[in-house]
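The chain below stands alone, shown as C-alpha cells; this is the form predicted alone.
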Amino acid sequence: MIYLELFLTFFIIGIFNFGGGYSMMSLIHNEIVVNHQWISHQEFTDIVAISQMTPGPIGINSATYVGYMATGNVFGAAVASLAVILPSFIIVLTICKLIEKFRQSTWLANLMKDIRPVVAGMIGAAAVLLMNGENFIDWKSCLLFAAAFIAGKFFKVNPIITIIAGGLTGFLLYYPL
C-alpha cells in the first residue's frame, strides 16, 4: 500500500512540476511532511540540502530520498523517482507531438507567457518555506538579490555575468579579504 501511496503522491507532484525542483518544494513539503507525515520538517530541510549537493535535479533527488525513508528500501526510492519523472515525460512527449500543429498559435504563446508568474510564485513559496528558525535571509542576501534583479530586469545583463558577479560579490561580502 505504501508503494501505491508513494507513486500517486509523487505522480501528482510531478504533474505540477512547472519551473523546476524549487518550484515544487512547497508542494512536496505539504504532501510528505504535513499530509503523509513520512518525514519531519527538519528531515525535509536536510533533504533540500542533500539534494543540492548530489548530482541531478532536486525534485528527483528529493523523491528518491523520501521513497527510501518511507519504505526503508531501494524499491521505494525507485517508485517515488519514477512517479515524479513520469508526468513530465508524458507531457513532453505529448507536446512534441502537438507543437508542430500549433506552432503559429497566439493562444499557446500567451499561455506560456502567463505561466511565468505562477512559476515565480511557486519558487517564492519554496524560499519562504525553507526560512525556518535555522535558515534566514540577512541584509547581504537581500542586497545581492536586489542587485541581480535590477541587473536582469532593467539593464538586461546576461544571466551568466549576473551569476558570476553575484558569486564574487557574495564571496567578498561574506569572506572579506
Partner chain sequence: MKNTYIDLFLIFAKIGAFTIGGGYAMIPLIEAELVNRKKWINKEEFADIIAISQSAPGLIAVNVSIFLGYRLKGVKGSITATLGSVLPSFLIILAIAMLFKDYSENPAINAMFKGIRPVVVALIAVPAVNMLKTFDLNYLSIIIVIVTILLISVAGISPVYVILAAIAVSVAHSVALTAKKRKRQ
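Numbering follows the first chain given and starts at 1. Whichever C-alpha set is largest while still superposing within 1.5 Å between the two forms counts as the rigid core. Quick caveat: nothing in here was measured; it's all calculated off a predicted structure.
Keep in mind that the form predicted in complex with its partner chain is not shown, yet the notes after this line are about it.
Is there a non-hydrogen atom of residue 101 within 4.5 angstroms of a non-hydrogen atom of its partner chain in the model of the complex?
Looking in the model of the complex, residue contacts with its partner chain do not include residue 101, since no heavy atom lies within 4.5 Å.
Find out whether any non-hydrogen atom of residue 69 is located within 4.5 angstroms of its partner chain in the model of the complex, and reply yes or no.
The answer is yes: residue 69 has a heavy atom within 4.5 Å of its partner chain.
Close approach of residue 65 to its partner chain in the model of the complex, 4.5 Å, heavy atom:
Residue 65 belongs to the contact set for its partner chain.
Interface membership of residue 11, its partner chain in the model of the complex, 4.5 Å heavy atom rule:
No, residue 11 sits far enough from its partner chain in the model of the complex that none of its heavy atoms falls within 4.5 Å.
Taking the rigid core as reference, does residue 110 move its C-alpha 2 Å or further between the shown form and the other one?
Yes, shifts by 2 Å or more.
If we fit on the core, is the Cα of residue 12 displaced 2 Å or more between the shown form and the other one?
It does not, since the residue 12 C-alpha is displaced less than 2 Å between the shown form and the other one after the core fit.
Rigid core fitted, is the C-alpha displacement of residue 68 between the shown form and the other one 2 Å or more?
It does not, since the residue 68 C-alpha is displaced less than 2 Å between the shown form and the other one after the core fit.
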